[in-house]
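Shown next as structure tokens: one chain only, the form predicted on its own.
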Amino acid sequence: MTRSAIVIGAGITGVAAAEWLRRAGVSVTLVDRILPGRPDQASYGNAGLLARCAVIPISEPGLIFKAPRMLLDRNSPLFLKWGYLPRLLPWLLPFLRNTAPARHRPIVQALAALTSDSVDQHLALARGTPAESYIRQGDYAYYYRSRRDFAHEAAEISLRRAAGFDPVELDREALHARDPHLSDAYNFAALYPDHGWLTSPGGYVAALAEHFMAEGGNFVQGEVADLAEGRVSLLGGREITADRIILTAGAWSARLARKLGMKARLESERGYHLFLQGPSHMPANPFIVSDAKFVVTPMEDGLRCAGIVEFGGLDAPPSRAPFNLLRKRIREVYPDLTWQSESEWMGHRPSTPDSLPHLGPIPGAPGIIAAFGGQHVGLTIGPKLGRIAADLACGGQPNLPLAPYDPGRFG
């Protein structure tokens, strides 16, 4: 019987795991060097989507041919710090292998199993807590320049339909009636009902953590130096012991997993956002700009423009070009948009070569449960990953087949 547990990492997955363990009667200690909901957490700066239909991995077929052109295009949402390329190769080569069509569909199915009930999972976690007030439900849209551009994505749309997401098509008149400030450059949309978003991702995670602590959960602010089954050592010499440990440290998880002999094959996809405070207008619901690959989300006090993929590791400072591109792109979408002030953010998406998280007991250390690697859907699937990890730590067997997420799959 599990009486005590340590959760390493206080992003959305870690806070969810800690709260579900607490509700199961387990004595829980949540550990992170950063307070939950603060800007240094990846959960703080994402697009805020509960993206049920986000079942298409970034390792899409044909990307191996598109990527070189994208890297040379200043208007492309893909960036690379070229000096980092040698360190990226051990991740990049298996990633490119996963762009093969035969590998693509199983990955889509495994992603759909995690994302499809994401709104319900967030509601189950937040209901009756102050965090519930941050959740909104409604449509999520893909904006296209033309119906032809929509048709060019037929393969992806077919996969979404197979996963149960059938879009409502909006022509120019219907789209501009819904979003009257939209540029004339965008004339078609695909609308996916029954989605959700957060009005403040950082505030949401902080509220969940505060509820966890108010109800008896323990939070320790500190950096993990070492871990083994039943034991976590912090910088400074403090040691914490427990029956089970759950590792949910996002992009930093690989460094800790290596201490256990686990080859995580985890890379940081550096994500950027531009937050526009006091905008002159906001859309009624979030949308993704299909050609520019960034999301626009209405939030508390402003509009978040989030997207961009940059490979450059965990330690390099933010680049200027992604911010400038987001600023350029939002003006292409809303030519007459004005705002009072703005803020910039860069964070680290923990991504695996197959776009699937590590979820389950770590090989050679079954008392430690991995739950990290949420890539572009980390916020979306965080509550479900945390809930499954908590069930596993308590000896449960989730209904979801866990083989696609096996923490030992990379050797």
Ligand SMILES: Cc1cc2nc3c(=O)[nH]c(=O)nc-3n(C[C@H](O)[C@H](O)[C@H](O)COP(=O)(O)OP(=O)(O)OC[C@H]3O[C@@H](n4cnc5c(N)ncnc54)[C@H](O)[C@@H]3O)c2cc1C
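Note that residue numbering follows the sequence shown and begins at 1. Fair warning: this is a prediction, and the values are worked out from it, not measured in the lab.
The discussion below concerns the form predicted in complex with the ligand, not included here.
Of the listed stretches (242 to 250, 71 to 79, 168 to 176, 85 to 93), which one has a non-hydrogen atom within 4.5 Å of the ligand in the predicted bound form?
So the stretch in question is 242 to 250.
Touches the ligand in the predicted bound form: A10 (any heavy atom, 4.5 Å)
A10 belongs to the contact set for the ligand.
When the contact criterion is heavy atoms within 4.5 Å, does I34 count as touching the ligand in the predicted bound form?
I34: yes, in contact with the ligand in the predicted bound form.
Spell out, yes or no, whether the shortest heavy atom distance between Y272 and the ligand in the predicted bound form is within 4.5 Å.
Close contact exists here: in the predicted bound form, Y272 approaches the ligand to within 4.5 Å, heavy atoms only.
Can you tell me if E223 lies within 4.5 angstroms of the ligand in the predicted bound form, counting non-hydrogen atoms only?
Residue-level check for E223: yes, a contact with the ligand.
Would you kindly say which of P57, P353, G360, G378 lies with a heavy atom within 4.5 Å of the ligand in the predicted bound form?
In short, G378.
Considering non-hydrogen atoms and a 4.5 Å limit, which listed residue (L125, A112, A306, A190) is close to the ligand in the predicted bound form?
Of the candidates L125, A112, A306, A190, A306 is the one lying within 4.5 Å of the ligand in the predicted bound form.
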